[in-house]
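A single chain comes next, written as structure tokens; it is the form predicted alone.
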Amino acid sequence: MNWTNWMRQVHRWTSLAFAVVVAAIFITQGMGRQPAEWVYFLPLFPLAILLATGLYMFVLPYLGRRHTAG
């Protein structure tokens, strides 16, 4: 598995984890319970990973186009 495929897999699985954490927070609030304050910070770590991998995949076509033109 090359670097790009590995990065896409990390992005997919991290997005799944992010969605589950955010959904769990909303479900907990919908049930009338107030989670602890630290629970609201749980989505930030997957979000940071999503930002890094997403930016990498966004830049890939531009790097490839510039690299093949030379």
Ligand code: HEM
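All residue numbers refer to positions in the sequence shown, first residue = 1. Given the structure is predicted, the values throughout are model-derived calculations rather than measurements.
What follows is about the form predicted together with protoporphyrin IX containing FE (HEM), which we do not show.
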request  = May I ask you to check whether residue 24 falls inside a 4.5 Å heavy atom distance of protoporphyrin IX containing FE (HEM) in the predicted complex?
outcome  = no
query = residue 58: heavy atom within 4.5 Å of protoporphyrin IX containing FE (HEM) in the predicted complex?
reply = yes
request  = Let me know which residues along 24-56 have a heavy atom within 4.5 Å of protoporphyrin IX containing FE (HEM) in the predicted complex, or say none if there are none.
outcome  = 47, 50, 51, 54, 55
